[in-house]
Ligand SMILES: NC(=O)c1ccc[n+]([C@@H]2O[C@H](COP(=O)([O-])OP(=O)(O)OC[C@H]3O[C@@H](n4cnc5c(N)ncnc54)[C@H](O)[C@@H]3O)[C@@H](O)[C@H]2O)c1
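Single chain ahead, written as structure tokens, the form predicted alone.
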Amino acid sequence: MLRYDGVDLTYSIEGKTAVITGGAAGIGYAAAKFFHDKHANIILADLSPEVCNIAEKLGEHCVGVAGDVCDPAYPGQIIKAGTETFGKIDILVNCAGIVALENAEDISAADWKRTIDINLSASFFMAQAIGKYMIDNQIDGSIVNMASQAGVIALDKHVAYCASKGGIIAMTKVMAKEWGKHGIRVNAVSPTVVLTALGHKAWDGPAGDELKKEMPSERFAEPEEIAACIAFLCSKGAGMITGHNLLIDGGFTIK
């Protein structure tokens, strides 16, 4: 069950151990930095061979585990690293993802498969492995899956991405329903355009200016804003929130 243990108004995650996939860059790195600043332990998981150096530079209580999220052995490696280094794992943040921009009639089978494999299937198998670890060890854990506004509305040239992120939202709800009795909360976050390095590259300029005109916020999100919402969902302040998809979209999807 989702036990009540008071509400910590500081939204502390101090002393918790969090696995963050896609943690070497973008939203994943922003989440790792935010969690580290909130005194959590971090297992930084990423395909980049630099992830161990990035973890070391991030600071104390952070270790990197390089690997491919699509490798069936990778979740086990992460669990081993987390338990051997910090004793247990309390949090999973599934951030690893890609996008293939093609019209529905043009997208290749390879791009469709790769998008679904990385965004949806790998997130599922990572959550499955760590969720089972939490159940077996009676840990009241929190899982946050990275979805997107593209999982809620249709976007041109995003057919595979929309399908993968819609799947993340559905997966999140089922896991929350099944695992609540074990004290595990599972939520998703769905950002709009986020001004990571890739976000700037894709949306700085006229196309981005036009898109912002469609948003009540009239701006895109900063990575730290997404990280803050993820940290809240992992804290005791969100103890009654599970199965939820938190839209962080500046109002874009209300139209």
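The numbering used is simple: start at 1 and walk along the sequence shown. No experiment lies behind these values; they were computed from the predicted model shown.
Keep in mind that the form predicted together with this ligand is not shown, yet the notes after this line are about it.
Exactly one of the stretches 133-141, 100-108, 157-165, 177-185 approaches this ligand in the model of the complex with heavy atoms within 4.5 Å, and it is 157-165. Using a 4.5 angstroms threshold between heavy atoms, Ile169 stays clear of this ligand in the model of the complex.
By the criterion of a heavy atom within 4.5 Å, Leu246 is excluded from the residues contacting this ligand in the model of the complex. Though the partner is left out of this view, Cys229 does not reach within 4.5 Å of this ligand in the model of the complex, counting heavy atoms only. Heavy atoms of Gly64 never reach within 4.5 Å of this ligand in the model of the complex, leaving it off the interface. Interface residue among Val19, Ala24, Ile13, Leu233, judged by heavy atoms within 4.5 Å of this ligand in the model of the complex: Ala24.
Shown without its partner, the chain has Pro191, Thr192, Val193, Val194, Thr196, Ala197 in segment 176-197 as residues with a non-hydrogen atom within 4.5 angstroms of this ligand in the model of the complex.
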